[in-house]
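Presented below, as structure tokens, is a lone chain in the form predicted on its own.
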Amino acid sequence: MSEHISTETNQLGSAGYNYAFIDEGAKREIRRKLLKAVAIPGYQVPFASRELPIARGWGTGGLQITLSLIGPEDVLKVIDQGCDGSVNAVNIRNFVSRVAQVPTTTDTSQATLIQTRHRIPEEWMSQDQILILQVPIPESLRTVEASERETRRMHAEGDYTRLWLYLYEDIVRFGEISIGARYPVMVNRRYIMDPSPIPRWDVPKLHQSDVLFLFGAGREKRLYAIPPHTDVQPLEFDDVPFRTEDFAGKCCARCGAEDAYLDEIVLENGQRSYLCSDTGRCDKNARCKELE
């Protein structure tokens, strides 16, 4: 990350705007805030969120991180719920490629920067890669407390009693914790953090990962991070352990993968089929399957 943060890019693009669109002062501010976020894993760092040519709520937080770190030597991958071809992913990828003149890819292993919404890639990622997550609501305590001042106090004091009570009431009502996405996690045994709306399937990938995870919420003006090799544990009770989605007995109809997060597809005849959520990995597996 230090190589990305120390990158100074002052040249103007052909259209007259600064390299990677954001001005250098804004980039420096975001980089400084990211360094603080990395130094205090799970802590939400306020920052001056800038205006971008996309609407707030469509990934401006993640996009500002990407534009602040990207350099001419980088390779970019952008996904939306695992898909490289969604409207959000395509438009962000085209915009960054245009203002930073960097190559793009759909192959996770080839990317140095990966910006994502609602998913973590299925493929193993190395310490040379950075995963940037778009975050709509960064505050993990929002479900139990509406006041921003009060949530700040609760984080400072480590007072998470009300969230634990919320999870307990969920178990009493449904027999298990029913949270499907944004499952709260404890980072470095200190801060409870919102991992963004990733499914429970992706939560274990945060623990002791080789990858640097950066989270950006543009509308809420918050940045936070999980550095490599950090303890990240989902909240659970001794008698009600955390569990991921169960895809036992199911596989991708296209590539045959049985170890991936699957999207359910209802066919015209009413039957149900399944496809990999991660289209990049599915494409790679399908090509390998054709060569066999």
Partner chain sequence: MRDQPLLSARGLTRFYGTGCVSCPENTGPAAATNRCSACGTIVACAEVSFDLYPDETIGIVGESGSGKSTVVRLLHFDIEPSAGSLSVTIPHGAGRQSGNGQVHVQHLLDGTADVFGATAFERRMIRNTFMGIVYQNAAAGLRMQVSAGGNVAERLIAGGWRSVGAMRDRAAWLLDKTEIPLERMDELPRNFSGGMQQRVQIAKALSNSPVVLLLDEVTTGLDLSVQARVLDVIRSLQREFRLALIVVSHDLGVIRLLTSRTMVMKHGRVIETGLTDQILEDPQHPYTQLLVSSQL
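Being a predicted model, the structure only gives us computed values, none of them experimental. Residue numbers count along the first chain shown, from 1.
Although not depicted, the form predicted together with the partner chain is the subject of the following passage.
Picking from 22 to 30, 235 to 243, 220 to 228, 260 to 268 the stretch near the partner chain in the model of the complex, with a 4.5 Å limit on heavy atoms, gives 235 to 243. Interface residue remark: residue 73 is not counted as part of the site for the partner chain in the model of the complex, having no heavy atom within 4.5 Å. Contact between residue 164 and the partner chain in the model of the complex is found at the 4.5 Å heavy atom cutoff. In the model of the complex, the partner chain lies within 4.5 Å of some heavy atom of residue 173.
Contact between residue 142 and the partner chain in the model of the complex is not found at the 4.5 Å heavy atom cutoff. For the options 210, 123, 159, 107, the residue carrying a heavy atom within 4.5 angstroms of the partner chain in the model of the complex is 159. In the model of the complex, not one residue of 66 to 82 has a heavy atom within 4.5 Å of the partner chain.
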